[in-house]
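Shown here is one chain on its own, the form predicted on its own, set out as structure tokens.
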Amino acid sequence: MSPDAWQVTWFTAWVAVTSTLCILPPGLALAWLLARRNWPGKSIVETLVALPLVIPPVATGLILLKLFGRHGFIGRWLEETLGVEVVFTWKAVVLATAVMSFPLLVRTARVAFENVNPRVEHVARTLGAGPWRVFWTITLPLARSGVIAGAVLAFARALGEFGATVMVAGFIPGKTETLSLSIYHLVQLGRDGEALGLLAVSVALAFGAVWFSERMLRKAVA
């Protein structure tokens, strides 16, 4: 591969890892709440979490653009208060991939937490363990395979994100150029050979991630 192709590949992998790490704490917290607690409005939260899976990615990107743009509520506050600009930077790429992969992490981790026998947690609490200790020593270790599978699925989803990314980050070579954006750009230029090379890399990364995730899911069910 050319140096430019390597740069795009490494940037895409870095974005996928970064976005997955960003959504891991809130994703696990929300998955645990959905699996173990009932509260008013829970169905609304479940629906909101699932929305990025069913609405067009460009629609999600447009929402992010309106929220995090210079005139958006969040974007204006970030720029005026912290001096941070999000839209059309690498931060926008991480944001878009995080939002699009968040539902996969939550849904998979939720199932993993639901498969943990509540009686085991109850026994630990009767022996004097607090909620945090029960979670870290009982719940999370027992749900580990499912949680890892969810994280890897989120990583795989981030690798292939296109629609939301192009809306909120645009295509800026060397700054926001991911594998999917680069493939589309090369096809538009008629450079199909280079596009196929990046396609092969993208498929290989996604195949490895999904294969590993499926192995973890089988362990979680076993």
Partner chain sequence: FAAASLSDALKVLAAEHQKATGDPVHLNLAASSLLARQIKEGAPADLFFSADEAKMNDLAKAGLIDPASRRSLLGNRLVIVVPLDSSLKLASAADLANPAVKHLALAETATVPAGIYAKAYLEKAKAWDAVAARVVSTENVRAALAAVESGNADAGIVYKTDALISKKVKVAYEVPAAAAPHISYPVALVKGGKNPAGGAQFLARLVSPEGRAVFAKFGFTPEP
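Numbering follows the first chain given and starts at 1. Since we're looking at a predicted model, the values are computed, not measured.
Keep in mind the form predicted together with the partner chain is missing from the figure; the text below concerns it.
At least one heavy atom of Gly170 is located within 4.5 Å of the partner chain in the predicted complex.
The closest non-hydrogen atom of His185 lies within 4.5 Å of the partner chain in the predicted complex.
Under a 4.5 angstroms non-hydrogen atom cutoff, the partner chain in the predicted complex has Lys66 among its neighbouring residues. Although the partner is absent here, Val166 is a contact residue: one of its heavy atoms lies within 4.5 angstroms of the partner chain in the predicted complex. Heavy atoms closer than or equal to 4.5 Å to the partner chain in the predicted complex belong, across 75-110, to the residues Glu85, Val87, Phe88, ordered by sequence position.
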